[in-house]
Structure formats: structure tokens, C-alpha cells
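The chain that follows stands alone, in the form predicted alone, written as C-alpha cells.
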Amino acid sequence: MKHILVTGAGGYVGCVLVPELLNKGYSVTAVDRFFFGKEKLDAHENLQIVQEDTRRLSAHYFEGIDAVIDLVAISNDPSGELFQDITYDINHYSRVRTARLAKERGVKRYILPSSCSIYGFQGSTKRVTEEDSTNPLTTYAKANERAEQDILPLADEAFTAVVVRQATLYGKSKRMRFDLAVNGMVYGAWKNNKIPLMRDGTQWRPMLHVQDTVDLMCLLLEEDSHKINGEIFNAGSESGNYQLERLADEIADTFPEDIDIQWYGHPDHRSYRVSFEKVKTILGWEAKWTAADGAMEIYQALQANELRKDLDTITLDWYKELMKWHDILRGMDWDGSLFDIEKEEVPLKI
């Protein structure tokens, strides 16, 4: 049995990845602050929960670990722009620190889930490969790129380091996110027969189901290190390269009702089409899910009341809510407690 340490284990991908690893017979140490709750990871005899900030992880957590999957991140562009310093701190610094600690403690393999968003704007015809120049436009993308640049040079014969540049994710998770493109479109269509779509709809974006990226990470845990060490792999599929208006039309077609487009925002300046030939050629891996499959999965879960759009399914809104209550509770705190206080024994006079 191999022992895998997963950071960001209570997040959107982690809540799909950790159960998959356990089902495959791995032992898992799940590290997270658990802002979205520990209960999203079911108890298991081979699961150890560590509630800790990855910026403060001690070296002893890496003893006996065979591989690290470093999911931790401030995980979307709006959150990255609101918390710029923290995004660099977590998405870049803490992951480099984790990779170095892992290497120092004899961990054999490290997987960095990065993002195709580092391609930024690339025009409408070119399909960018892992060898092409990047063009990160947001704090989230820039922090991911810095993590890649500092972690890949750590790779050597004793330490396998590999980067997965994920397409924009979608699909069902116990830590559900409705601030992802496909997921948000499906919810809007289900709730009020309108798909929210950022102007102007011509921008290109690759899409990838969360189960597909989990399957790829599991493959990378077992793959021959000589195939993957020091490498970057784009994760997605050619059929998953969408102009967003066409994506919205495809999702609308999965619904029995007539669905309208609800435009919002200013034109999105990020636009990139991505080549996924490398992962297919070298690893023989291909994505299995389509956007229509994912839309139907989410639609059925909504119909069955298995999913709800709560405040914590919109990442930025939940962070703002936590900050609000943190300030409220901190203002009420007295000697480290909300209700209890240290009382002096004062004799009562009658």
C-alpha cells in the first residue's frame, strides 16, 4: 500500500480524488484548512485528516509518504484578484515549500496540478502546446506559473516532479462549485431557464470533467518515472476546446425546456485553445467525459436534491462570508473565549 499526501484535500478536486485513492487501496493523508467543512470527506480506516495551513506544514508529515499531490490553491481568478498576496503565498510559495520538504524527506513523486489559464490570450487559431510561450493574465495564473518554474527544476533521479495543466473543470463534487463555467451554466438553466454567459462568447476555453483529471493523477502515481519526470502535460481533450457561446448552446440542448442566454459582464480577454496530443501520445490517456455528459450529471443531481447552490458553492462569496464572521467574532472575543471568562474569587458581602 502506497501512502499519498494530498494538500487542498477538502476542495473541489480533493473531494473526488481522495475517495478515488482510498478505493484504489492507497493510504491517504488529507491536508487542508477545511474552510468548506471536514464532513465532505467520509471517514475511512486508511484516511488521516490533518487540519493545517500548508504554509506551516512540518517536515514530519512527509515521513513515510510515497507521493504528494499538491492541490492546495486559492482556486479562481476573482478570489485571486481579491487576495493577491495570499494567492502568491499559497499557490506559489507554499507549494514550492511542500515540494522541497517532500524531496528532503525522501518522497519519491510529486504532482503539481496547475492550470491551462497560464496560456492567457493566444488568439483564435493556434492550439498551444506545453512547449509554447505562456501569457498569464491574472494573479491566479501567474502564481501557478511561478510554482511550475520553481518546482520542475527539483526533479532528479530520486525525485519525480510532474506538472498537470488542467483545463477548466466541471462536474459533480461533494465540495460543489457553481462558479465554474459549465456548472454555473447548468444551474442557471435548471433554476430559471437562463444560462449566464460572459460577453462576448467568442473566447476559447478548454473544459475537463473533474473525474477525468482525477483519473490522470492516479495514472501519474503509477506511471514509469522516465516518461513523466520533469514534464508538463496539458489535461483535456480536443473536443473539449469550446468557444463559450457554442458551449452554452450544447448545454442548452441537454435540457427538455427552451433555454435562453443571459449575457453579463465585460468581454473576457482570456482566450486560448490547447493541444492535448502530448498526454495522449506519451501516456495513452484521453478524457472520457463531454460537457453534455457533465451537464446531465449535474442536472440529475439538482433534480434529485443531491446538490444545492449554497453560499459555500461560490468560492469568493464564501471567503467573504468567512472574513465577515471572523471580524464579528474577533470583535466579541474576550481573553480567547466567546462566553467564558476567568473570574477572580471575590468574597460576597451580605
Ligand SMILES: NC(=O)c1ccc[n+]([C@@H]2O[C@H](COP(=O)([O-])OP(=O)(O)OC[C@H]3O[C@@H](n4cnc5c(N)ncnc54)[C@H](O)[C@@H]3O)[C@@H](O)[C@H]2O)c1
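Residue positions are given as counts along the sequence shown, with the first one as 1. Values in this document were obtained by computation on a predicted structure and should not be read as measured data.
Although it is not shown, the form predicted in complex with the ligand is what the next lines describe.
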Applying a 4.5 Å heavy atom distance criterion, does residue 21 contact the ligand in the predicted complex?
-> no
Wondering, does residue 55 line up within 4.5 Å of the ligand in the predicted complex on heavy atoms?
-> yes
Quick one: is residue 325 in contact with the ligand in the predicted complex, heavy atoms, 4.5 Å cut-off?
-> no
Is there any non-hydrogen atom of residue 288 lying within 4.5 Å of the ligand in the predicted complex?
-> no
Would you check whether the ligand, in the predicted complex, lies within 4.5 angstroms of a non-hydrogen atom from each of 13, 72 and 180?
-> yes
Go through 34-42, 58-66, 278-286, 298-306 and give me the stretch that gets within 4.5 Å of the ligand in the predicted complex, heavy atoms only.
-> 34-42
Which of these residues, 115, 87, 237, 98, gets a heavy atom within 4.5 Å of the ligand in the predicted complex?
-> 115
Check each of 175, 205, 209, 109 and return the one that places a heavy atom within 4.5 angstroms of the ligand in the predicted complex.
-> 175
Going by the ligand in the predicted complex, which residues of 155-174 come within 4.5 Å of it through any heavy atom?
-> 166, 167, 168, 169
